[in-house]
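The chain below stands alone and is given as structure tokens, in the form predicted on its own.
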Amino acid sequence: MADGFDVVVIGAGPGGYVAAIRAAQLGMTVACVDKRAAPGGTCLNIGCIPSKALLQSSERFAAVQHELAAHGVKVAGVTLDLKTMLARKDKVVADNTRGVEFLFRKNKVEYVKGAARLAARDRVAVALNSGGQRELSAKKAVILATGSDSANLPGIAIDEKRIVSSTGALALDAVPRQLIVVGGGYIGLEMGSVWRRLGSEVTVVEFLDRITPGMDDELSTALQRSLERQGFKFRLGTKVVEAKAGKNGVALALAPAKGGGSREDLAADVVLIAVGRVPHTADLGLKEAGVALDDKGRIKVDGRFATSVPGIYAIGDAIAGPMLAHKASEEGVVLVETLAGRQSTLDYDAVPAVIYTWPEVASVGKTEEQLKHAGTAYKTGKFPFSANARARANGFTEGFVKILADAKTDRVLGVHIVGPDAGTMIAEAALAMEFAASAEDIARTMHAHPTLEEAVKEAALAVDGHPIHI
């Protein structure tokens, strides 16, 4: 006999655990099933959180070597203790995952550890990690929040030692002398930044003719130039046709992405495959249950996250849209609030995206390229951090803020930032877009001085052609 709940959530990542907690807050009985040993999904266990921990640690290491002397702080004999750095990363992960388990207990969400599979539209069969089986029934909804997995290149075997995914790149036991990153997206650039700061020679091989596809082109160009100054090398418009791991490293063969040209051989100690992510939809019984997928293997849903089977819903990386933890979380909240009879919506034009390199890159809304393609008349306002007093005081003046606004209504259509703490500053822009603010609204909002956020105000003033400090 099945154990009965109002909602059964499959997946305890940022989409699933947030949906489960919010449903419980709204008075529903909830079970959340995940096969990992700890909750939090890819993000908390092998993604967002551990990578940011290593980015922070490696930034500190680089700052001691290259930046503190300018502040009058002289340090001699700096050495790297990689074992301690990795142990700190692991502790950060453990603290976060234990925090989610505490929130489950606090909100009376039953956390079930095991592999879930749809047994019917309202029932979930679980092969428990501890052994045995359990069946859960869902009166209101089964929510699929199964996340995504690292994508791979055909014919290349990832061993997580010499040829690694992002998971292996988080746990290398030594700093590779030469690291080749295949893929110029946010995962590859972030992990490349970690190991570059720690001493690796990093080469990024990207199939397209630019890095960070999907970001505003001006941001991509500025970020690449900054990373090149830090020692990155880029091979754009290039594909990997072969990669073989040996005892002492990896032998790669490269070729022009558009075809033609000669094959080029390259060697590295470690190769990171970071060519994107694919939705995790296997081994869930979706076909047997009648849940439809699209041509990219994502679960098809309507505007309310309902699948082709009544009572089964899906959110996060398993469906279409940007594969971002915060997007999944907000979808989970909107879904369960709708199930509870509340009016809840999500504005996909106001989903921020951040690349946590240095400088950081952050974006929300439309890019210039998208506006041009759509034939939208727009105005542009830009302001460089080199003219921002706080950036000068901090000693980090690279980058700029760019605001795109409708030429007629002045409504903010997109905000793009490359520079110090861009990931934090983008929240102001996302809020402005959520409330349909104009560039003038931002310009007339008083910003504390001296702050980096004043660059956002100045960029908004520049939309109308009158920034004060440049």
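The first residue of the shown sequence is 1; numbering continues from there. Note that the coordinates shown come from a computational prediction; the quantities given were computed from them, not determined experimentally.
Below, we turn to the form predicted together with ligand FAD, even though it does not appear here.
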Residue-level question: is A328 within 4.5 Å of ligand FAD in the predicted bound form, judged on heavy atoms? yes
4.5 Å heavy atom contact, F400 to ligand FAD in the predicted bound form: no
Within 4.5 Å, heavy atoms only: does A145 come near ligand FAD in the predicted bound form? yes
Is S166 close enough to ligand FAD in the predicted bound form to count, meaning some heavy atom within 4.5 Å? yes
Among the candidates A243, L266, L284, L339, the residue which, in the predicted bound form, approaches ligand FAD to within 4.5 Å (heavy atoms): L284
Just give me the single entry in M28, A437, M425, I46 that has a non-hydrogen atom within 4.5 angstroms of ligand FAD in the predicted bound form. I46
Out of 81-89, 384-392, 225-233, 272-280, where are the residues with a heavy atom within 4.5 Å of ligand FAD in the predicted bound form? 272-280
Which residues from 7-38 come close to ligand FAD in the predicted bound form, meaning a heavy atom within 4.5 Å? I10, G11, A12, G13, P14, G15, G16, V33, D34, K35, R36
